[in-house]
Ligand SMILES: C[S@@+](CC[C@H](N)C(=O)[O-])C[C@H]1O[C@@H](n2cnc3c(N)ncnc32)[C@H](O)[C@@H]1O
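First comes one chain, alone, set out as structure tokens in the form predicted alone.
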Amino acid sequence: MKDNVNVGGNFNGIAPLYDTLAFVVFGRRLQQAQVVWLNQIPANAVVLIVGGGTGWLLEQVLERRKPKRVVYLEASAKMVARASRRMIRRAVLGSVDFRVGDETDLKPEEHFDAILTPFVLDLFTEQTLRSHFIPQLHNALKPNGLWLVTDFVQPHIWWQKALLWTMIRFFGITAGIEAQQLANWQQSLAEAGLVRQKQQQQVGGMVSTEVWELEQISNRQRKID
């Protein structure tokens, strides 16, 4: 799925305003949610960040975890340019492969100790998550690798439901995302053979930040035995 047909959307048009829009609606709470479990990333890790936007999370990963290498995979060329400039402007050091593309642009031999998808899974339908997006990243995760997810979940308060509906419609119009409602991405991850290790609710329950791990065959066998 390349940029002009990417069902996850093309955020080039709103890249200059994206961070401002997020701050106006949520303040810094979305950023705070994304760093809750960064301490779970192992030392000297090879990290994949998918859809990292303008680079704020990349900066946090580089400064807090000192990874061996980061692949920064983002479908929006303008987002990648802004992220790259951010690293230069703030003099953040680290080995980063800035890559314009999506999960299909990962190389078969690339495998990661940790994968981060900040507010990415909500862009897709459950069908796309289960048949394409999750399997692609699943294959790129090393045994015992961690998948850090921070994303919106189905709220229970009426105004939160209205806000989420408005956001999905807004990004459908401005960025062309395929989702028309929020997918149950937690169930999709579990069905793909991942096990949730940690979870914390954020933003009044609208957001869940979680750590998932590949379920090993040996663990499943022990359960059977």
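Don't overthink the numbering: it's just position in the shown sequence, from 1. No experiment lies behind these values; they were computed from the predicted model shown.
This protein has a second form, the form predicted in complex with the named molecule, left out of what is shown; the following refers to that one.
S.K.: Look at the stretches 140 to 148, 106 to 114, 67 to 75, 89 to 97 and give the one with heavy atoms within 4.5 Å of the named molecule in the model of the complex.
M.R.: Among the candidates, contact is made by 67 to 75.
S.K.: Indicate whether the named molecule has at least one heavy atom within 4.5 Å of a heavy atom of P155 in the model of the complex.
M.R.: Result no; P155 lies far from the named molecule in the model of the complex.
S.K.: Taking any heavy atom pair closer than or equal to 4.5 Å as contact, tell me whether F11 reaches the named molecule in the model of the complex.
M.R.: The answer is yes: F11 has a heavy atom within 4.5 Å of the named molecule.
S.K.: Considering only heavy atoms, tell me if V47 and the named molecule come within 4.5 Å of each other in the model of the complex.
M.R.: No, V47 sits far enough from the named molecule in the model of the complex that none of its heavy atoms falls within 4.5 Å.
S.K.: In the model of the complex, is there a heavy atom of the named molecule that lies within 4.5 Å of any heavy atom of E126, even though the partner is absent here?
M.R.: No, E126 is distant from the partner.
S.K.: Which residues from 103 to 135 come close to the named molecule in the model of the complex, meaning a heavy atom within 4.5 Å?
M.R.: E103, P118, F119, V120, L123, F124, F133, in sequence order.
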